[in-house]
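Next up is one chain by itself, shown in structure tokens, the form predicted alone.
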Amino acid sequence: MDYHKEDSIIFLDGKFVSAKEASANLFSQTVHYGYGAFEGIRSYYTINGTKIFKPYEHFGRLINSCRLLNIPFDYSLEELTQISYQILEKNNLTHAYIRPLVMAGENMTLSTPQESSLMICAWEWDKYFNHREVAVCISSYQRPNPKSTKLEAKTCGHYVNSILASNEAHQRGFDEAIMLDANGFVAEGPGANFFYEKDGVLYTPPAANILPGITRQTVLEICREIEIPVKEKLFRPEELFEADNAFFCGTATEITAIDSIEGQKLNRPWKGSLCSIVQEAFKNMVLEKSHAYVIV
């Protein structure tokens, strides 16, 4: 994947600059300790033009992540949204992935940073798993204990855990992993939330031990709108082998069907399932094809 081209433009600390000429501080806490915050945001070419999906929710989480980490950050939701639309326009992008990154300032100690740097870039994006159902395994890597960090913050350092889990899955011949929490309950994927379907009900882990994603919240809203029963509960990985269907959801993955878990096929076809109905409703929502779902 090409994250930038010869003429790509990014936003860096108040200016639009060439991506190939931009630089970062090598003495930043973000570089050395992973102490920074970021977001993943999608834009789509809709029937009403290019629209960023739920920008206020994403940038609100970015602002809150900085607050939880005590990283100084004074951009408003409106400023961040407008900068992102400008990035799309300057790079002639429609279906794109937008990456805001807040980097802590120069500081080689473990103290609270006194300043920060903001970068926003974007690149063309289609499907994370190339339009196919995925085979997943149960990872040996656990999600961090919620008492060890700020799980509700989308922080850079957390994703070392995610990379390890994904690499382990790939080495075992799977597309992706399902991770457990510190108590052995199903938590989420390395970069996406998880739902499964059983007997006409969707189930998903509660927010306590996961990063409660914005796409996850959107799925819950869709289920309420079209009256699909959904329950948030703790469940063990053994229960997944009785699932009718399952999916990952996230900004990058959107709604991605899961074909098998540890080599065992799920029990019912994807087509016509509750999961597939949610997938179609989400697609209509982000593309503004349904009057019931309009991107603000």
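Note that the coordinates shown come from a computational prediction; the quantities given were computed from them, not determined experimentally. One-based numbering along the sequence shown.
As for the form predicted in complex with a small molecule, it is not shown, yet the points below apply to it.
- The stretch from 27-35, 63-71, 228-236, 247-255 that comes within 4.5 Å of the small molecule in the predicted complex, counting heavy atoms only, is 247-255.
- Proximity of 4, 19 and 91 to the small molecule in the predicted complex is absent: no residue of the three has a non-hydrogen atom within 4.5 angstroms.
- For the chain shown alone, residue 204 is not a contact residue for the small molecule in the predicted complex, no non-hydrogen atom being within 4.5 angstroms.
- Shown alone here, residue 58 lies within 4.5 Å of the small molecule in the predicted complex, counting heavy atoms only.
- For residue 213, a non-hydrogen atom is located within 4.5 Å of the small molecule in the predicted complex, even though that partner is not displayed.
- Though the partner is left out of this view, residue 189 does reach within 4.5 Å of the small molecule in the predicted complex, counting heavy atoms only.
- Think of it this way: in the predicted complex, the small molecule has a heavy atom of just one of 84, 193, 116, 139 within 4.5 Å, and the residue is 193.
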